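The form predicted alone is given below as one chain in structure tokens.
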Amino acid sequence: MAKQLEYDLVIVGGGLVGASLATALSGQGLRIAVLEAFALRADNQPSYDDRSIALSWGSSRILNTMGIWSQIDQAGVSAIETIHVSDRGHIGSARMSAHNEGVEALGYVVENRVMGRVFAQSFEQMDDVDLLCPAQVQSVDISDKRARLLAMMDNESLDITAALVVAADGGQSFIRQREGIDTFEANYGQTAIIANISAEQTHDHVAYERFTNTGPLALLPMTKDGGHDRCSLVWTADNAEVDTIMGWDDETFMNKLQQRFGYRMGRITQAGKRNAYPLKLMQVREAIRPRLAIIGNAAHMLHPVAGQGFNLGLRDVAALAQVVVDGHRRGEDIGQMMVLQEYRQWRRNDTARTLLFTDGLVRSFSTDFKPMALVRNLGLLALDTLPFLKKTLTRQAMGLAGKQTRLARGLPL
């Protein structure tokens, strides 16, 4: 016999986005479960691997209102005080600064593992959230009255019912695929090569975005290691180049990187382990259905050019948490479309704007076509000289564009 479990809300996926939603909803009078395929604190949990996250200023406010930013900050973050954008081989460049926006930082860089430790501690402290892991969802059955999940955990069958299922199970979402929800996808033919590097000079809390003919290259300021500044590197390469780049020894890798990035931080002195992640654009055609909401990478995947992936997912979390809590307080069924439609409407513009912005950057800067090169360099010069344009794009990068949730405004749910 399967063990019978009943909740108000079940979150499938306990990575960064799923854990954020559970944390946001804890203490709101809801019975919550998180189904996660990996054990708590497991090193192979993909959300908590060697990569780093660029958290926007808006995301740090959401996390602060949720009550966990102080733990993240204490565990180690590096402020992004300036963003420097340039185009290799051309004169166009632009700078955005926290000082001009009247904030201490445009954003922060934090290692995924740091986030993993903080969320693991958060799960241990939440009495109203059951973390079911490692658990594998076997099937999902959604009807007008209830959602039902069958899962396996520790060789035990679980029969779980809930008013609402939230799919936060990543780009290959089992829930999304099992429910037959269509997606729009575009393959960039590019792969992100990730590594941590050090250089002779301090990063001085500057995030560099360098566009090259094979795609963007980003260096994000990280915390020190052994007294030396580190940067998180995201090198976007054509798929045909990836095996070659991954096969270089460290010295060759650093020399080739130096040629593409230049000497803004002096000579590159050290490079860590490299990992490669294929890139594509993906957007669900239905973010909600009765008793189902899809958030984070399960709903949309972006090119990392502007560092917006997790930030967009966290804004999903803030909006869905507010909609669910408001519906619950009104005594409504939180799985009904009349509740979930508000979430869909709220997120539509922000998601579309962010996808178009990142996709446009990739396509316009990943070409040597001379007329396009001229246009984009004029655009960079305009960005650096027109205050209104710079402020608009800076607020977008900071996660402050459009309608703001209570969590983003520093207000409790």
Ligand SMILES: Cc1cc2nc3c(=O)[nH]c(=O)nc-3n(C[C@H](O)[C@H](O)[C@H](O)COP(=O)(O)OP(=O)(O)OC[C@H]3O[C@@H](n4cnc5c(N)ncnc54)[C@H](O)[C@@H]3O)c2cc1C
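The first residue of the shown sequence is 1; numbering continues from there. Every value quoted in this text rests on a predicted model; they were computed, and no experiment measured them.
Another form exists, predicted together with the named molecule; not displayed. Remarks below refer to it.
- Only one of 292-300, 198-206, 98-106, 176-184 lies within 4.5 Å of the named molecule in the predicted bound form by heavy atoms, and it is 292-300.
- Looking at residue 308, you'd find a heavy atom of it within 4.5 angstroms of the named molecule in the predicted bound form.
- At the 4.5 Å threshold, heavy atoms of residue 263 stay clear of the named molecule in the predicted bound form, well away from it.
- Residue contact with the named molecule in the predicted bound form: residue 192 places a heavy atom within 4.5 Å of it.
- Within this chain, residue 25 is remote from the site of the named molecule in the predicted bound form, having no heavy atom within 4.5 Å.
- Between the options 33, 54, 362, 355, the residue in contact with the named molecule in the predicted bound form by a heavy atom within 4.5 angstroms is 54.
- Every member of the trio 17, 137 and 170 reaches the named molecule in the predicted bound form with some non-hydrogen atom inside 4.5 Å.
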